[in-house]
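Okay, here we've got a single chain as structure tokens, the form predicted alone, with questions on binding and movement later.
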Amino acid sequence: MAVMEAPVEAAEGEQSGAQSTLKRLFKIKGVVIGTVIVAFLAAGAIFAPWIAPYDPIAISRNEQLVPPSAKHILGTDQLGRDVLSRLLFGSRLSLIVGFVSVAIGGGAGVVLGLISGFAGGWVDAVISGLVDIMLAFPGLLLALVIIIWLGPGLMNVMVAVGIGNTPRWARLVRSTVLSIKETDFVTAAKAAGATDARIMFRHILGNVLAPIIVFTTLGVGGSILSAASLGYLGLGAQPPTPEWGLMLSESRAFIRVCWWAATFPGLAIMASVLSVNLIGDGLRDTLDPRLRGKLS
């Protein structure tokens, strides 16, 4: 009977632990604010086809540079396109770019960091040398070089931003793996005959998830900002695609007479990056054992 009850007790313990973590997390005001903003942006992205008042790429020669009004809540741009509609559809692209870039950079970085930290020796030296070379360039500059090589376009932006963030993931995971690969549970797994791949991806990876989750959240905000920067330079999404960075770039020449066309995309970028960073900071404070006592 005791054998049957053990898994149930373990499951209940894990559930209560998750609930306790969520309670600590949502005690942080920044997390609550960030979650509300992200939910608002996500809702706008999902329901954009139904709530956008106008076609985001429809040009109206009779409504160019119209200020915010009842008909156009956020005004129109230099081509008569509704700014609110373009913001709503642009949120789709920004969120997609953020998550896909993190998936690319995080996936590659986690694998490289695991192999480098666990294998050691010449394997670690080669991977660490490559990572150090990539880290010599700022992330945005590295992404800029890659996008120039690949060519402009939204998909290429995702790949470029992802590759630009890969070395930071690899360095984070490698340092964490080095601190736990000599622990007793890893030694026991080796003694039991577990393969290196099983030890890395089953035993070690589970113990580095906390910093990975935090870095993932912070990485989404950075990827959105990098993609908007490349779009502003004309290397991201191409006209007439409604993308926040591109909207800023197109409206810069008219900012003296059409402040709303540049202001609202800029506020959207700021709100999305700030909200994701607030959630990431809250996750760091909640999952870090050194800070956990201050929140309980």
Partner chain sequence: MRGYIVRKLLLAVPVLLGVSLLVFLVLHFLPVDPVRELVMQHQTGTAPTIEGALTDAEIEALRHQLGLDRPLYIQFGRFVWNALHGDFGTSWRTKRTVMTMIAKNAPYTIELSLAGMAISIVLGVVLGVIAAVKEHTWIDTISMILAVGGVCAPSFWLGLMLMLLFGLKLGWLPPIGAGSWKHLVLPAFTMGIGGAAMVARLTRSSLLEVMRQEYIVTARSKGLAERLVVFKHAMRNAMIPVITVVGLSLGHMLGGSVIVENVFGRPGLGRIAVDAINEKDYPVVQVTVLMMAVSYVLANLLVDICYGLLDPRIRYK
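Numbering follows the first chain given and starts at 1. These numbers were taken from a predicted model, which means no experiment stands behind them.
Beyond what is shown, the protein has a form predicted in complex with its partner chain; the following relates to that form.
Hey, in the model of the complex, does Gln64 get a heavy atom within 4.5 angstroms of its partner chain? Gln64: no contact with its partner chain in the model of the complex.
Check Arg284 for me: does it contact its partner chain in the model of the complex (non-hydrogen atoms, 4.5 angstroms)? Because a heavy atom of Arg284 falls inside 4.5 Å of its partner chain in the model of the complex, the answer is yes.
At 4.5 Å between heavy atoms, is Ser229 in contact with its partner chain in the model of the complex? It does: once its partner chain is placed as it appears in the model of the complex, Ser229 has a heavy atom within 4.5 Å of it.
Does at least one non-hydrogen atom of Trp149 fall within 4.5 angstroms of its partner chain in the model of the complex? Taking the distances in the model of the complex, the answer for Trp149 is yes, it comes within 4.5 Å of its partner chain.
Options 90 to 98, 69 to 77, 220 to 228, 197 to 205; stretch whose heavy atom lies within 4.5 Å of its partner chain in the model of the complex: Stretch with heavy atoms near the partner: 220 to 228.
Sole residue of Met155, Ile133, Ala125, Ala188 within 4.5 Å of its partner chain in the model of the complex, by heavy atom: Looking at Met155, Ile133, Ala125, Ala188 one by one, just Ile133 meets the 4.5 Å heavy-atom criterion.
Heavy atom within 4.5 Å of its partner chain in the model of the complex: which of Leu178, Ile213, Leu144, Ala119 fits that? Just give me the one. Result of the distance check: Leu144.
In the model of the complex, does every one of Leu22, Lys27 and Trp169 come within 4.5 Å of its partner chain, counting any heavy atom? No, the candidate spot makes no contact with its partner chain.
Which residues in 240 to 279 have a heavy atom within 4.5 Å of its partner chain in the model of the complex? Heavy-atom contacts to its partner chain in the model of the complex: Gly245, Leu248, Arg252, Ile255, Arg256, Trp259, Ala262, Thr263, Gly266, Leu267, Ile269, Met270, Val273, Leu274, Asn277, Leu278.
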